[in-house]
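Shown next as structure tokens: one chain only, the form predicted alone.
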């Protein structure tokens, strides 16, 4: 690991302060006095129904139904990406923030393509890896989201000394494609994305 880092002391957020959909556990909230620790290990049977009748699973549902995806889900996808310089996630370093994620509806009624806009905030204004971080966020979203989403990753205005140049690189499809053909860069991206859940 390189000891000559751009920002050796970044601001680190407490994981409990990060936005999350995780709810408190229901353990210990049973009416019959049991703890509920092992309730999910034993399957529940309804003996009034036919034991040979398979219940309808989520995979048997109608494939035409479009699943709603919101900003929190986008944040959950990208906040666990590892920072290439620090042994922390982009969410912990506040490089990605929930208020900086926007889902724009389709431009025309004939289109079904929505746009996901993610503004990243580098830890310092002269971060040399801002383009790599933006590329990692873009790759993660392109891999995880259905094709009905267009991805737009950019540096938040005023948070980087060369934000316009970095945004131009991240928005250029040919440059992104060329970067993804670079073996060394793909190794860095694989390492960054290895921490994603």
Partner chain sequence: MSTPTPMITRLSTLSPPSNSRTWQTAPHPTQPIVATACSDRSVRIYSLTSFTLLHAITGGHKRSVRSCSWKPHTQGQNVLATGSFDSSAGIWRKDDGDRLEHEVSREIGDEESEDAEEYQFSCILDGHESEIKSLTWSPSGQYLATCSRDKSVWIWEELEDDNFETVAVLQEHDGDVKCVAWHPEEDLLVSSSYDDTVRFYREDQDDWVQVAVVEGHGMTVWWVEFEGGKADKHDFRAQREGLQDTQLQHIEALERSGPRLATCSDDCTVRIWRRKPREGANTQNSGMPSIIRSAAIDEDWYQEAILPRAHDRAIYSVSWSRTTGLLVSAGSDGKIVVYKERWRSQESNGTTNGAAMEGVEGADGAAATEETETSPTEWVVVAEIFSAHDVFEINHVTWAKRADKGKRWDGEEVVISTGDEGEVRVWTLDEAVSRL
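Numbering follows the first chain given and starts at 1. Source: prediction; values computed, not measured.
Below: the form predicted together with its partner chain, not depicted.
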Partner contact check in the model of the complex: of 121-129, 105-113, 84-92, 68-76, the stretch with a heavy atom within 4.5 Å of its partner chain is 105-113
Honest question, do 147, 150 and 178 all end up within 4.5 Å of its partner chain in the model of the complex by heavy atom distance? yes
Any chance residue 161 has a heavy atom within 4.5 Å of its partner chain in the model of the complex? no
Does residue 168 reach its partner chain in the model of the complex if we count a contact as any heavy atom within 4.5 Å? yes
Pull the contact list for 86-102: residues with a heavy atom within 4.5 Å of its partner chain in the model of the complex, in sequence order. none
